[in-house]
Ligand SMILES: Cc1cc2nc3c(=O)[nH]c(=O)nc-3n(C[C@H](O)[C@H](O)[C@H](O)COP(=O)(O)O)c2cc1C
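What follows is one chain in C-alpha cells, specifically the form predicted alone.
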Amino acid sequence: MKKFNIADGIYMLTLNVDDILFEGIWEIANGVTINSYIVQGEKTAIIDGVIGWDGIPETLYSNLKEIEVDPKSIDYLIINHMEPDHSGWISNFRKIKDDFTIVCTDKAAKTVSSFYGEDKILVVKEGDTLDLGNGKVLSFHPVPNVHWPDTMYTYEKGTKTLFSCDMFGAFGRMGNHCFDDELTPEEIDFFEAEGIRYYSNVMATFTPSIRKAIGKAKTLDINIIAPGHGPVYRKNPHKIIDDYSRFARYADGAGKNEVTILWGSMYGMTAKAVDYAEDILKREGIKYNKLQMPLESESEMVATVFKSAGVIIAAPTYEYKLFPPIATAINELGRKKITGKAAFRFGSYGWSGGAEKELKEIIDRNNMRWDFIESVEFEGAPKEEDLKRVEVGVLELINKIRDRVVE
C-alpha cells in the first residue's frame, strides 16, 4: 500500500490488486487500484477505506501511523458506495476502534446494516455537510445508479476536492505516478484505454445516470478529482470529466475512427470472408480490431466494441441459429446497453440459414438500435460474387461511421 499527500490535510492510501475477476466477472489483465482517502480537521474521516485485500486491520494501522494519523482518532467512516471493494473493511476496523459513525446515503444504510450488522449510521442527503474543524467541511451529493443506487460524491470545500468513488475511475495498476501531472505520455494512453475498459465493463449499463453525475460534478468548483480507482486528477480535473462525457457518447453509438471485426468460424468458410474484409480495411486505411470469439475475454470484447465507431459481425449459422459465441457476445453488449452502433454482418451457412433471424432477435430484445447495413450470407465457402457483396458492405460501413467518430 502506498501513501500520498494530495492536498492540505488530505491523504490517499492506494493498493494495487491483481489476479481477480472484478465483480466476479470482468478480467482485469492490467490490475486495478483501490484508493481510499483520509481527511484531517479537528476530527478525522476516512472515505472509502482500504485496509488491504487480505482484510488485516494492522495493515491500516501501520499505514496510518506513517502519515501520523492515530486510528483511534478516526470519527467517521464515509461510505460513498457500498460495493465491498469500498466497504468490506468496516467490520475489521472495529478491531482497531469501536466508536465511530458511518456516513452514507439512505440506500447505503440498508446494505450497511444487512452486509455488516452496523447501526451507528448518519444518513445524509443532497447538500448536507459535516464540519470536521480546522476549515475541513465535507458536503454530500448522491449520484444514484453510478453504478449502484446508493452512491454519492463527497466534496471537501476548502481544498475543492471531489471524492468521486467509482465515478471517473479506471482499471490499471499504478506505479510511482498517481497524479495526472506526473503521468508519462505512455501512462496517459494506458489509463485512457483502461478507463474505456472500466466504463464499458462496469458503467455502460448506467449511462443515463452517468450523464446526470457528470452534470452534478460540473456544478461544483473542483480543483482535484480523487476517484476510488485510478489516478488522482489535480492539474486538469476537467479532462476526466470530458473523457467520461465522451465515453457516454460511445455507449450511444459514437466511437473512435476504427472498426471491430467480431468473428467466429467453425470450418474456415466465414474466415475466408473475414480475411477479405480485413484486406479492404487495410486498403482503405481504416484502423481495425480483430476479435475471434470465444478466444477473447468478455472484458476485452465489450471494451473494444464499445470504443469502435463501426462493427463487423462475421459468423456462420449454427444449428439454425447464430454461431453461439457471437450470439453470447452480442447479447452481453445488449446487457451493457451499448446502442446505436453502425454494423455489418456476413457469414456462411450449410443446409439452412437462421443466423440472421437470431441476430435480429437479440438486437430487438435488448433494444440496441444498431444501424445495420444489409447482411451478406453465402452457402459454404464465399464465391467471387459473395466477396464483392462483402466489399460493398464494408465500404458502406466505412462511409456510415464518418459522422460517428468522436476521438
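Counting begins at 1, following the sequence as shown. Computed from a prediction, not measured in an experiment: that's the story for all the values here.
Although not depicted, the form predicted together with this ligand is the subject of the following passage.
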Have a look at 200, 270, 308, 105 for me and say which one sits with a heavy atom within 4.5 Å of this ligand in the predicted bound form. 270
Heavy atom within 4.5 Å of this ligand in the predicted bound form - the one residue of 186, 242, 98, 319 that qualifies: 319
Mark residue 348 yes when one of its heavy atoms lies within 4.5 Å of a heavy atom of this ligand in the predicted bound form, and no otherwise. yes
With heavy atoms only and a cut-off of 4.5 Å, decide whether residue 222 touches this ligand in the predicted bound form. no
Proximity of residue 367 to this ligand in the predicted bound form, heavy atoms at 4.5 Å: no
Using heavy atoms and a 4.5 Å limit, would one call residue 193 a contact residue for this ligand in the predicted bound form? no
Which one of these stretches, 227-235, 286-294, 261-269, 243-251, sits within 4.5 Å of this ligand in the predicted bound form when only heavy atoms are counted? 261-269
If you apply a 4.5 angstroms heavy atom cut-off, which residues in 379-403 are near this ligand in the predicted bound form? 380
